[in-house]
Ligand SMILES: Nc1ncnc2c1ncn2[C@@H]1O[C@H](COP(=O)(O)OP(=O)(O)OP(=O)(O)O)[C@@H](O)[C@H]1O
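Given as structure tokens, the chain that follows is alone and in the form predicted on its own.
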Amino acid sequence: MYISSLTLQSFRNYDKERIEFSPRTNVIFGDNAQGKTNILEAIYMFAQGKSHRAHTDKELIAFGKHFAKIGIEFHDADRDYSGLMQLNRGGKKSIKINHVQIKKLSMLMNYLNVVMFSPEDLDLVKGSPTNRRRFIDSAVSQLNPPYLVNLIDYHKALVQKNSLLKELRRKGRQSDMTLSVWNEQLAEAGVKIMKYRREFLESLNLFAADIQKEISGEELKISYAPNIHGEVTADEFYNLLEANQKREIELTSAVLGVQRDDMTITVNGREARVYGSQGQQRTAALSAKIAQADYIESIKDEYPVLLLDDIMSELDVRRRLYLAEKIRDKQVFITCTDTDLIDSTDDTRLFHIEGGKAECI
């Protein structure tokens, strides 16, 4: 799988720009705040349907503009694709692939697969559970679009439940039938989410353990740490939620559920978040991200497009060399300020970015 071109209009600091890429290494370099990461963000946006750093689509639209457009041409082993995404300041985004409207975000996940590496990803191990859940959700959604449907349904019900909990607390009530309705919906979607997460992390662990061993010779284990333990049924999930109604009303927030899930990462049998050195933590995070790409390939029979956002400068020589070898025959987009860290080949294309303009050199 590879991307051949990207067209941006009123996206971030890009007025109107078309960039044609190499099917292998694309180095995007220049000074800070010139728009390097914006190119990777646009690619990620089209693949995932959302930005990896913006909270709303409006943030992506250039100041004073009513809409932004991302045009992208990409290819897999069977077909060529032309995609167009329009972000509207006053409404929902519109997505088309080969001129066919994509009506649901979950449908978008069937097309362009990408894996993003950023300096923040190197904090995957020692960072918050929110970051690790985001990593899981992004990876599983690409592989199983129904997972995203369940995740959206779950969070819609969770928002409604939390709103009701605040209302009940304000009124001094200790239970409500409507709360049971939301708990039923949460339980139904929640058990499916747990199943997907458990299966993904079990598979990811197999890939990541081998990668960690290659890089450092250490033993890595990634495992699921659900908020609700065990492989529960929807009825069991529901009963646990019901039993906590009074407590949740007092706290005005849901205390049980997949929104509090985590994953545990150990190196040589010790929890890396607590006992690992910075080097061990970063190697484990890198192993997990590479494992994500390898796992996608095992399912899709094609390697995903790799987006490396200013990550080479964050790695030591050993890890940088390992990553460089791993991505040698893949399509990769690398942002950096210093091209000296990049091992260029005949397939490498360099783009200098300045003020929202990309010049191929």
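Source: prediction; values computed, not measured. Heads up: residue numbers just count along the shown sequence, starting at 1.
There is also a form predicted together with the named molecule; it is not shown, and the following applies to it.
- Ile61 is the sole member of Ile61, Val332, Leu315, Ile296 with a non-hydrogen atom within 4.5 Å of the named molecule in the predicted bound form.
- The named molecule is not drawn, but in the predicted bound form it has a heavy atom within 4.5 Å of Asn32.
- Contact between Arg328 and the named molecule in the predicted bound form is not found at the 4.5 Å heavy atom cutoff.
- Taking non-hydrogen atoms only, Arg320 never approaches the named molecule to within 4.5 angstroms in the predicted bound form.
- Among heavy atoms of Gln9, none comes within 4.5 Å of the named molecule in the predicted bound form.
- Heavy atoms within 4.5 Å of the named molecule in the predicted bound form are found in exactly one of 288 to 296, 66 to 74, 320 to 328, 51 to 59, that being 51 to 59.
- Residues of 303 to 341 that come within 4.5 Å of the named molecule in the predicted bound form, judged by any heavy atom, are Asp310, Thr337 in sequence order.
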